[in-house]
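As a starting point, one isolated chain is supplied in structure tokens, in the form predicted on its own.
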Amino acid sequence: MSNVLKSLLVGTALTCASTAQAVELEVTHWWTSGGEAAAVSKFADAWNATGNTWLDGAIAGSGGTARPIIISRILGGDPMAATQLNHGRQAEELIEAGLLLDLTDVADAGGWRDIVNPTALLDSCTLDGKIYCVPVNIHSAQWIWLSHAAYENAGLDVPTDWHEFVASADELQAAGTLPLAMGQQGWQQSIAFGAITIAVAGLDAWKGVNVSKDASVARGPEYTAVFEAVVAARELARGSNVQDWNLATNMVITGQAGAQIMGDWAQGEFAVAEQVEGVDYSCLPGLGLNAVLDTGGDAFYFPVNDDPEITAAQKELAALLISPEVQVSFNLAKGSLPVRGDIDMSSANGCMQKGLGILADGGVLPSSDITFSADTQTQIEDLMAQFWSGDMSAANAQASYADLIESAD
């Protein structure tokens, strides 16, 4: 066993036995874009450095593609050793069925309740007082990414908020540039809807719907303005025929599009393309109007198995994923924020520093992975796919959305 892992185990005072010999663990995830692959390799390298082996089980596509495959394998008796999911309610039924490993002893030994910030991330891994996942990052979705090349080509200043972006659209189009890159998938369109909601309707209305599940707010004038804004935005995205989010990000990187609304994981793609924040691109949290973060993100769960050696290795990996060095290296590559509040992130770029500042100021919101069930989220994403890609009116989309909120669980 390596000195790195020995130090880790001493530091966290793990009560479980360390593995007696090298162990291979299959780890499933959906991180397959260039930036994501660079980030997940930080986890794999750290685990392999202990003398164990990370067997990469990447699943191409988005989380919506990967999650059913992951869950099916666990339910079908062919579990992986560890798997990425979003911390929140996605694993509730697996936990209730006794299929996921209880990590409470690892969390207690490592002092996770003292270091995870915000604490809601660990709460979302907790059911009936027991901790079933290790959160590894904080992702927020309320960002717009702007191409300096596109604006320079059009002879325009780079916008500083959503309203300036919308106002620039005609001149971008006149210069032959698509204003808004948008992947043609419901989850991406749902992210854009949520970001526009916070920018246009404001935080109180957003909380009324997403936290309190108040359908009257969803039917109200603040949300009417949101749906009308989305109608305008979808026109700015006409001609964006890519499917995957990273292909839409590439349109911004290459100057084919002026902007993209996407989560902070887009930073990984800019990093792989060797673009520099403030020089090649700009980032605006809250679309430059309401600088907040929703504290979503990724976590790793560990399916139960009958081999004590595998179980011990699973717990070692859980501790490793949240260790200070691994948190820094992974999140710098991923573009996300670390879940630890006690590590030095001074080397992070300007976009990450914006996020860290918002986090420090307490400008955080719960993510939809926490507030809505997976079924409700799927229904919303399906509605958004229909709304963004077709000619559904703002009024009809708002009515359907309010009905979903009224029945949301």
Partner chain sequence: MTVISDPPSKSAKRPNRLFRNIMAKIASIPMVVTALVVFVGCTAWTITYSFTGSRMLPKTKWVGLDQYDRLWDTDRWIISIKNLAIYGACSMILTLFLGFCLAACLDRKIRFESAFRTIFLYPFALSFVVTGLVWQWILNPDFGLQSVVRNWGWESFTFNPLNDPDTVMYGLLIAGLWQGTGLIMCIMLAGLRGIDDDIWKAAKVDGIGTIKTYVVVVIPMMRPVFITSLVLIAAGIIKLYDLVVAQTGGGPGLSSEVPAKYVIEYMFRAQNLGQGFAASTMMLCSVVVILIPWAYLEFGGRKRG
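Positions refer to the first chain, counted from 1. Only a predicted model underlies this, so the values are computations on that prediction, with no experimental measurement involved.
Another form, the form predicted in complex with its partner chain, is not on view; read the next lines as being about it.
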**Prompt:** Does its partner chain come within 4.5 Å of any heavy atom of Ser373 in the model of the complex?
**Reply:** yes
**Message:** My question is simply whether Glu36 lines the interface with its partner chain in the model of the complex - judged by any non-hydrogen atom within 4.5 Å.
**Reply:** no
**Prompt:** With the partner left out of view, is Glu381 within 4.5 angstroms of its partner chain in the model of the complex by any non-hydrogen atom?
**Reply:** yes
**Message:** Considering non-hydrogen atoms and a 4.5 Å limit, does its partner chain approach Ala385 in the model of the complex?
**Reply:** yes
**Stretch in contact, per heavy atom within 4.5 angstroms of its partner chain in the model of the complex, of 88 to 96, 327 to 335, 277 to 285, 221 to 229** = 88 to 96
**Message:** Suppose contact means a heavy atom within 4.5 Å; in the model of the complex, does that hold for all of Ala49, Asp344 and Ser368 with its partner chain?
**Reply:** no
**Message:** Just to be sure I understand the contacts: of Thr254, Ser216, Thr160, Asn241, which is the one whose heavy atoms reach within 4.5 angstroms of its partner chain in the model of the complex?
**Reply:** Asn241
**Asked** Only one of Val304, Ala273, Ile71, Ala149 has a non-hydrogen atom within 4.5 angstroms of its partner chain in the model of the complex; which is it?
**Response** Ile71
**Request:** For the stretch 50 to 76, return the residues whose heavy atoms include at least one within 4.5 Å of its partner chain in the model of the complex, in the order they occur.
**Result:** Gly64, Arg67, Pro68, Ile71, Leu75
